[in-house]
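Only one chain is included here, represented as structure tokens and corresponding to the form predicted alone.
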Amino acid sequence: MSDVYAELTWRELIHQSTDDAGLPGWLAERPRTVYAGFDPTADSLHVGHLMAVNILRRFQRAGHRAIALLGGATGMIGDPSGRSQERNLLGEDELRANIAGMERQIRRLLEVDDSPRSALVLDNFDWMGRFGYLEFLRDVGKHFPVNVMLTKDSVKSRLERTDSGLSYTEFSYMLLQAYDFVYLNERHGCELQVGGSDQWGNITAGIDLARRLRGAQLYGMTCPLLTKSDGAKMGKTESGAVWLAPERTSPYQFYQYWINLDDADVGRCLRFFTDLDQAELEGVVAQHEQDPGQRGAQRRLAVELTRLVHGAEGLAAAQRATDVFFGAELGDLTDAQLTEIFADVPSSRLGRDRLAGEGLAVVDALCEAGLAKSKGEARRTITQGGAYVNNRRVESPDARLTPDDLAGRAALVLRTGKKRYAVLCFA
């Protein structure tokens, strides 16, 4: 087995652990079983979840067994950790759909097969759903001191707020997650729970419950939350979270998020997310620091993460779309792909009849798109070789555009110079 604790340490992925001195030796003794939980608040994981999934991957590659636990039961309540107000409760059908979506992604990221070392993907509703209310209070609740629960940050921070309280439902969340750890220990020999630093209270509650109920010694470890250098949450854009599902965040948008990452954050993300070893990673960062304008570290990060999440095919599509934005011919891109690539480019709508007959003069198209103030300016730009339709240079100022020139089914992508784009849509 490889030394996963040493790897997590140099990658700065250990924020807290219950036994800093003893865990390295304990992990080296024999294969251990480790779990991380994911509540199904959406039908896709986002990049914040990827922190925990990647830690499970690293444990699995080091010879340990990984369990990804989906919260079919805990998701019905909602974790109060890090929340200023109560989550909206999800219906059972929505929860089932969310679990199915997240499970598909986790199975692609972890090694799930028929071998004894296969990762497990479980749903805590399978055991929590069998509990009656009185039975749970008697068998689990009686071992939970309320005064200890009140010291946990996830509870204390909410109780201290004057603008919102903490419902009994949310207060009970800690009991459910704690029992998950006990159950996984009994049924699957799980001895270590990992999660974000906001889960520390829930993790230690599970360790305490296992000691009280079974006399078992369990361990916990947290990783840092995914934040930018200024402390703001990472993985957010103007349009929302950066999701792992291509239907929510396309491979191109996913790739571009990492390409555009700030220099101050790229080194940490290379450590957190990629499989580059320490020497290669430090080499990438050193080369980037010599010429930050080339964005070499961001490009390597984007390649590694897009390949991990979307596979080689998704990476190729993202790189092709990026090339298109920087001048490559459009080829057979679909309307949806064009919309993604040129989402922030000015666009105008014209009637499709403008392309009928002899077609639309290119000089008129440039004016309609706002790329030329007059027909004279448009002609000069074309004559000087600076006008492009679908990234193909316009050779003559007398050229005209017909439906055959459309990219996709209804769009023309116009460009002047290297990166001044506009889109004309025809309906």
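Superpose the two forms; the largest set of C-alphas matching within 1.5 Å is the rigid core. When you see a residue number, it is the position in the sequence shown, counting from 1. Please read these numbers as outputs of a predicted model, since none were measured by experiment.
The form predicted together with the RNA is left out here; the points below concern that form.
Contact with the RNA in the predicted complex, judged by any heavy atom within 4.5 Å, is made by just one of T274, T222, Q337, Q298: Q298. A single residue from the set G215, P145, P292, G129 has any heavy atom within 4.5 angstroms of the RNA in the predicted complex; that residue is P292. Listed stretches are 343 to 351, 91 to 99, 107 to 115, 254 to 262; the contact stretch with the RNA in the predicted complex is 254 to 262, by a heavy atom cutoff of 4.5 Å. The RNA in the predicted complex is not approached by F38, whose heavy atoms all lie more than 4.5 angstroms from it. At the 4.5 Å threshold, heavy atoms of R400 stay clear of the RNA in the predicted complex, well away from it. Proximity of R380 to the RNA in the predicted complex falls within the 4.5 Å heavy atom cutoff. The RNA is not drawn, but in the predicted complex it has a heavy atom within 4.5 Å of R393. Contacts between stretch 406 to 426 and the RNA, counted in the predicted complex as any heavy atom lying within 4.5 Å, involve T416, G417, K418, K419, R420, listed in sequence order. Relative to the superposed rigid core, L27 undergoes a CA displacement smaller than 2 Å between this form and the one not shown. Core-superposed comparison between this form and the one not shown: CA of R11 displaced by less than 2 Å. After superposition on the rigid core, the Cα atom of V363 is displaced by 2 Å or more between this form and the one not shown.
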